[in-house]
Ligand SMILES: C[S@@+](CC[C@H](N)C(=O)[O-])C[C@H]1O[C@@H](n2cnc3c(N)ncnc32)[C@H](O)[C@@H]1O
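Only one chain is shown below, in structure tokens, and it's the form predicted alone.
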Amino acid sequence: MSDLACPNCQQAVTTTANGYRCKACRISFPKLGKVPFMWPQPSAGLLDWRNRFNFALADLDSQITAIPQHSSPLPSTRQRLTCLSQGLQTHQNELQDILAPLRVGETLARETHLALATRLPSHHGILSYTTHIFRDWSWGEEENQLVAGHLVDVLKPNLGERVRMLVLGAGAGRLAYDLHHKLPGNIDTVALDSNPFLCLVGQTLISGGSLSLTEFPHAPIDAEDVAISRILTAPPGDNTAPITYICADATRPPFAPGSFDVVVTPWLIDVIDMGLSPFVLKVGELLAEGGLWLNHGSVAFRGTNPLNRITANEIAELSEQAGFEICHQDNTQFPYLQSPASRNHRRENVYTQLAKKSAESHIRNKGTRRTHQHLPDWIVHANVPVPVSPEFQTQITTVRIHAFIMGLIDGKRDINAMAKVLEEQRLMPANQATQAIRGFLQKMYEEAVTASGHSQSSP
């Protein structure tokens, strides 16, 4: 790709035997199979995703082990548990094959991952969006066609003959694929997602390959629906130009300014770890003058600060402040993740906005460009001292107290006895220690119950 650039300094990268390299930053970016891995700190990013995948495999092991081995008196229960056990084991093999380019090493124990805090928020897990894969490439044809048809109708009147299109947060790639083949003219498409699992699946399927993957519906209709083997393939398409897949951070896209005529953000803006205002400016940087930003998805901004829980009207106003002219807005209901094997069928009221980058947007945005480091040097480089920041100092003290409390659990001491020990060690007064220990043990108990999937009712 001629417009591929370093996500750190925005300078052009050079092609190497194994990927790309930024001479200015002296950083090499590898490929995962055919997918460039363009994270700002690629070594740290790969380690992060390997840890997430190792944890996912360890979690699957834990689920298999937790399945009761004794026979149930109910035939349907025996059928369900047998189907689940076989499905989980098959799923492990499927994931190992698909994610082989990650070159994952020996799997650590699940408890080790938890202790190392590699259990990440659900929307960052490597398998968090697996249901979307099946929607894209197995049973979601109705949803896919409705969404693609709607967005083609919105985009088509505003396009030129030749279009360079970027889909940020492309997931497993079906929307990028449909727009690539349904839009008129000469469309060059880049699909970008942060998750290597989704990228590798998408790259395989849009290139004409097929995959076998096991679905585990959230609310299976019957016993045989707890684990279903699906064959994933892409439908035929008319555009002979290839779609390029990139694995990268959507808030640090590895492209030179003005590289695209269209940027599509499907179901992205309310889940990224970046404020919407700077992200809109980032989209503007990616677009050529007169370029189009097509946003489509939920408006479900979360967080404790009410200022950040914005609505569709505020999205439009922020876009205009960043130098965009609003061309189209609508709120439309679509089916969403309606697996035929699940009892859960949703419909979502989805917001679509098309905005055009104005000629003066570069003047408005001058000086507003923000840079940030993906990970600090003391994490990336093993020979840089780890700073004792005030935040770390608080965490260190808290962890030491928690570790001390865990060491007091011997099957004999009650909470009062443990509080007395804390007081004797001058860690805190006994009356405070009692409440602190009770709260800590409650949290540990709830996390253990959630991880095991067992009921919280007493035996």
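Just so it is clear, the model here is predicted, and its values are computed rather than measured. For every residue, the number given is its place in the sequence shown, counted from 1.
A second form of this protein, the form predicted in complex with the ligand, is not displayed here; the remarks below concern that form.
*Asks:* Is the ligand in the predicted complex near all of 155, 284 and 356, within 4.5 Å of a heavy atom of each?
*Replies:* Verified in the predicted complex; spot residues all out of contact, no.
*Asks:* 312 to 320, 95 to 103, 213 to 221, 270 to 278: which one contacts the ligand in the predicted complex at 4.5 Å, heavy atom to heavy atom?
*Replies:* Correct option: 270 to 278.
*Asks:* Identify which of 248, 206, 341, 163 has a heavy atom within 4.5 Å of the ligand in the predicted complex; exactly one of them does.
*Replies:* Contact with the ligand in the predicted complex is made by 248 alone.
*Asks:* With the ligand left out of view, choose which of 132, 328, 182, 230 has a non-hydrogen atom within 4.5 angstroms of it in the predicted complex.
*Replies:* Only one option qualifies, and that one is 132.
*Asks:* Given that the partner is absent here, does residue 192 sit within 4.5 Å of the ligand in the predicted complex, heavy atoms only?
*Replies:* Residue 192 belongs to the contact set for the ligand.
*Asks:* Quick check on residue 198: any heavy atom within 4.5 Å of the ligand in the predicted complex?
*Replies:* Yes, residue 198 sits close enough to the ligand in the predicted complex that at least one of its heavy atoms falls within 4.5 Å.
*Asks:* Heavy atom to heavy atom, is residue 170 within 4.5 Å of the ligand in the predicted complex?
*Replies:* Answer yes; at least one heavy atom of residue 170 falls within 4.5 Å of the ligand in the predicted complex.
*Asks:* Do residue 124 and the ligand share at least one heavy atom pair within 4.5 Å in the predicted complex?
*Replies:* Taking the distances in the predicted complex, the answer for residue 124 is yes, it comes within 4.5 Å of the ligand.
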